[in-house]
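Heads up, what comes next is one protein chain in two forms, each shown on its own as structure tokens, labelled structure 1 and structure 2.
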Structure 1
Amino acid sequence: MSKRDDILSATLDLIDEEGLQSVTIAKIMKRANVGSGTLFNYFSNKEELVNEVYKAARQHMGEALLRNYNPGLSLYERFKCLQLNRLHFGLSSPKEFLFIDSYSYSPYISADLRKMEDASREIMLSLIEEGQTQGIFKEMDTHLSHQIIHGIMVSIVKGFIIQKYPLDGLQVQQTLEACWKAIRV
């Protein structure tokens, strides 16, 4: 891992442990085991660094969502693949998942970055639109439909992380069905 990656990783870890407001440049340098010259060689300030952590996390999540995605499958199977991948990302990368959820609407994250488009988001919105055209999904703003689905998954992941309930095969299937039914006609 490069020094830049060490800095990004240390920042994410500290935000996860202490919250964004408590994280200082000094703490980041200590955790990443780098000096100020190294840190400021890559990032001009804490805001730029946090935005880069956010961008990297969003890109990682976008890649994870498209894992094994097959556009030739049925609408339901494609939907299920994307949501199962979202769930798996939340469970396998909880720090990134929760960071994205917590800071997507934060003024600390630049407006352009919050609106950052990626292939997975476009595919999900297109899938919702396709379902609406076929009369399978409710006619509503596609972004709103996407947010409803995402909200369900975030809640499930958070509950699992705090050990509120297990997530075995049955609960995962029930979660996927709940997401599907939330926007289905």
Structure 2
Amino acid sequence: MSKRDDILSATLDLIDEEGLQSVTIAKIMKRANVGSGTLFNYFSNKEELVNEVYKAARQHMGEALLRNYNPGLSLYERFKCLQLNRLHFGLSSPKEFLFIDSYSYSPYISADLRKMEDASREIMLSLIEEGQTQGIFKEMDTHLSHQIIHGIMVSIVKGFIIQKYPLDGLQVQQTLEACWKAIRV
């Protein structure tokens, strides 16, 4: 792993452990085993570094959310794929998941980055529209429907991460079902 990656990774770890609030450059340097000079070679200041961590996390999540997505499948299959991908991303990359969740509304992250293109969101919105047209989903503001589904998935992952309950096959199935039913006619 390159020094640059060491720095990004150390930063994410520390944010997860202590909160951005108390993450200092000195702590990052120590954790990443680099000198301050090195760090400022790669990132011109702390804010840029944190924004780069955010950007990398968003890119990583962006890829994960569309993994194996096949537009040719049935509405339900596509719906299921998108939700499962989010869930798996949350479980396999909890630090990135929580960081994105926490900082997507923070002024510390540049507006450009926060509004970064999100293919999966667009796909999901049109999928909802399609479902409504077909009479499968209840007619309502697609953003509202999307927000409902999104709220469920994020909440379920966060609940699991802080160990409110187990999350294996059965629970995953039940969660998917809840999402589907929540916006069904």
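Between two forms, the rigid core is the largest collection of C-alphas that superpose within 1.5 Å. Since the model is a prediction, treat every value here as computed from it, not as a measurement. Shifts are known only where both forms have a C-alpha. Numbers given to residues start at 1 and step along the sequence of structure 1.
J.: Just one of these is the form predicted on its own; is it 1 or 2?
T.: Structure 1, not 2.
J.: For D141, does the CA position differ by 2 Å or more between structures 1 and 2 when the superposition is done on the rigid core?
T.: It does, since the D141 C-alpha is displaced 2 Å or more between structures 1 and 2 after the core fit.
J.: Considering only residues present in both forms, which runs of at least 3 consecutive residues have all C-alphas displaced by 2 Å or more between structures 1 and 2 after core superposition?
T.: Shifted segments: 118-148, 180-185.
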